[in-house]
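Before any questions on how it binds or moves, here is one chain, the form predicted alone, in structure tokens.
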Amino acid sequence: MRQQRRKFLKGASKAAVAAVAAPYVMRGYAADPVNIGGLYPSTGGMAQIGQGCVVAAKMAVEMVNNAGGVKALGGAKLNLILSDVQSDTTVTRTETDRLISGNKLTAVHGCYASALTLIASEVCERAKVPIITGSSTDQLNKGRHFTFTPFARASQFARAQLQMAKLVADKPKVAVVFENTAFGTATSNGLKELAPGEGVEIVMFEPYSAGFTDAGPLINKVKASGANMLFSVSYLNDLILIVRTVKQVGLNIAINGGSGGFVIPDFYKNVGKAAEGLLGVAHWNHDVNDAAEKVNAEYKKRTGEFIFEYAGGLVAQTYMLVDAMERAQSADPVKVRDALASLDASSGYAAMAPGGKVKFGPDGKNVYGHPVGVQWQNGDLVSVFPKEDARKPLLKT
């Protein structure tokens, strides 16, 4: 009797453990969300950009979740945890630290401005959490192991601008004005270094304080330089002021606004017809391929505007993270980092980049990454350069 009782209790104990453990394992596998951090400046001087990025980040998560979530994790849904870095470098450090320490994160994306992203990436590196970003400064790829940059680098923007200058003038004489930040300095230095090899003469190379209120003295220097083309390496508000001042003083000069503020819908809203025909470069544009056009259509429904480069790029980045999780079959940040390092996408939303390919090298750069030359035509920003990426012909003005 005692032996039978022991067998009964042992069997009952196993059954009880199985009854408790089985549902727990299934819940943990099928229902636990995957936390993704999003660091964007929703307030401060870059708030307009940051708010657009937030809309795009939420949209990307909805797209993934509506399509079944992360299938390798039992259909786990993405959970976007946003943090406002307030357009401030000090806040960026504290918010990145708080976001990582206060949440079980698989990865992070952000922050738009290179100066902010450099700081966020430092924190992510220490915490061993991968960060994927559209920020362009080449410094992000120096000594980093958890930082991934799937789009063009600042030095590549410079070469594209110089090559585009020769589409406008046979002998380009360029005035370069740039804001004194990580983005402005990296891009302008690239222009200066590459210009001789591209047959472009730089006749003026002038930094200015970001956020200035009077562009008159700067544009007077441009006028006196004898330049036939102006490169302005600036974020939105500064670029608006520069273009308005060029028009106000009656300076007849071709302008390549580079990246940054030039490729934002609000640029056209603020300068209107003065934007027509102006050139720029972008790491992403809403017409790069069919997937981008689908994303653009959905974003337009939500905002009434085309999706600008950084916002569109971060949708692609979200899918790159999902691709990594599917292959890693894990939400562990280190395993996802390793899967990102072996990403090789040539179709779908994860490959939604100029050229349609994303593959990371040892330094976290996309080996296929390159910018696309864009031009304002009839209130829209269209891809015009290089030839293989052009969606419409360049208009000479």
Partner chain sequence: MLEIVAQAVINGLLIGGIYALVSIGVTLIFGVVKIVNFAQGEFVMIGMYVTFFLATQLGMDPIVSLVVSMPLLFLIGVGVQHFLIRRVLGLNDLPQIFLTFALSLLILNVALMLLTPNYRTLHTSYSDAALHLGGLTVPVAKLIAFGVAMLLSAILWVFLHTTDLGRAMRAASQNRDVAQLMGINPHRVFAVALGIALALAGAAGSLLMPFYPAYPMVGQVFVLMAFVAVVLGTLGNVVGALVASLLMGIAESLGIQFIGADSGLIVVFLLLLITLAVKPSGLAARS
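Residue numbers count along the first chain shown, from 1. A quick note: this is a predicted structure, and the numbers were derived from the prediction, not measured.
Not on display, but discussed next: the form predicted in complex with its partner chain.
- Contact annotation for the candidate site: 45, 206 and 224 all lie close to its partner chain in the model of the complex (heavy atom within 4.5 Å).
- Checking 116 to 124, 209 to 217, 158 to 166, 292 to 300 against its partner chain in the model of the complex, the stretch whose residues place heavy atoms within 4.5 Å of it is 209 to 217.
- In summary, among the residues 137, 237, 83, 228, the only one with a non-hydrogen atom within 4.5 Å of its partner chain in the model of the complex is 237.
- This chain lacks the partner; the member of 90, 180, 252, 101 within 4.5 angstroms of its partner chain in the model of the complex by a non-hydrogen atom is 180.
- None of the heavy atoms of residue 195 is located within 4.5 Å of its partner chain in the model of the complex.
- Among heavy atoms of residue 270, some come within 4.5 Å of its partner chain in the model of the complex.
- When contacts are judged by a 4.5 Å heavy atom cut-off, residue 76 does not count as touching its partner chain in the model of the complex.
- None of the heavy atoms of residue 186 is located within 4.5 Å of its partner chain in the model of the complex.
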